[in-house]
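For reference, the chain that follows is the form predicted on its own, supplied as structure tokens.
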């Protein structure tokens, strides 16, 4: 059973000083959690070392994304939570295989040539959701003038796969492509969680319980309250709960089978999320979510027709 909504979920939150224009709420690398999609999932015996290598490979990509020189061993060790010797040993293996490279001058790490090759190969596969959302993200960003995101569900987590800057003066850097957080953390991720059944919500919370130790203020009771509020409002609101000063509003995107597979969200500063504008943004996001679902349905029908021909 879902918990009754408490006063805390709707209580006014302390006002944060507005960020300087163009520098809204920059995300911290420590918020990029180096965990697999389901901490509680059963895995084949002996796969732990492979899992750790893949997690570290992903972490190198995310942390080095904004750093031309790459990520340091110290930072990779701190964010991953693994022993330094273990992290270094995995990095040596990844460098030897070409998936990671080490800068000879700074000794920092970034993705290598082989990782780029895999990315190029992955780009050739059909990405119906990404293609269907491209125009919607542009329209939302142009209409809202704010930063817009697509978050895709991956098990009990939400992964930011696309972002689109609006023409306005505010830039929100609290979320970037590749960032992954437990469902319920952030507006898009919370929108997905709120669209699940009560039983699925409980499964997600159980699966991410350990990971959410990294997220103060997102215990089970709080997330139950936020899910309840989101269902009542018809949209998910992140009122500065992840990073002070960074607000966002999101709605779920459903696939042709009515499963919540992703979410659209708009992020900015608190002053741009008064009551009237929330309703306007929610209506805009819901319209685009329906458009994406229609495009996914058309794509599915086209593939089925080709398969029969």
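If you're wondering where the values come from, they're calculated on a predicted model, not measured in any experiment. Positions refer to the first chain, counted from 1.
What comes next is about the form predicted together with the DNA, which is not displayed.
Colleague: With the partner removed from view, which of 114 to 122, 222 to 230, 128 to 136, 81 to 89 is the stretch that lies within 4.5 Å of the DNA in the predicted bound form, judged by heavy atom distances?
Modeller: Result for this chain: 81 to 89.
Colleague: Does the DNA get within 4.5 angstroms of any non-hydrogen atom of residue 73 in the predicted bound form?
Modeller: Taking the distances in the predicted bound form, the answer for residue 73 is yes, it comes within 4.5 Å of the DNA.
Colleague: Find out whether any non-hydrogen atom of residue 107 is located within 4.5 angstroms of the DNA in the predicted bound form, and reply yes or no.
Modeller: Output for residue 107 is yes: heavy atoms within 4.5 Å of the DNA.
Colleague: So, residue 102 and the DNA: in the predicted bound form, are they within 4.5 Å at any heavy atom pair?
Modeller: The answer is yes: residue 102 has a heavy atom within 4.5 Å of the DNA.
Colleague: Answer with yes or no whether residue 52 is in contact with the DNA in the predicted bound form, where contact means some heavy atom within 4.5 Å.
Modeller: Output for residue 52 is yes: heavy atoms within 4.5 Å of the DNA.
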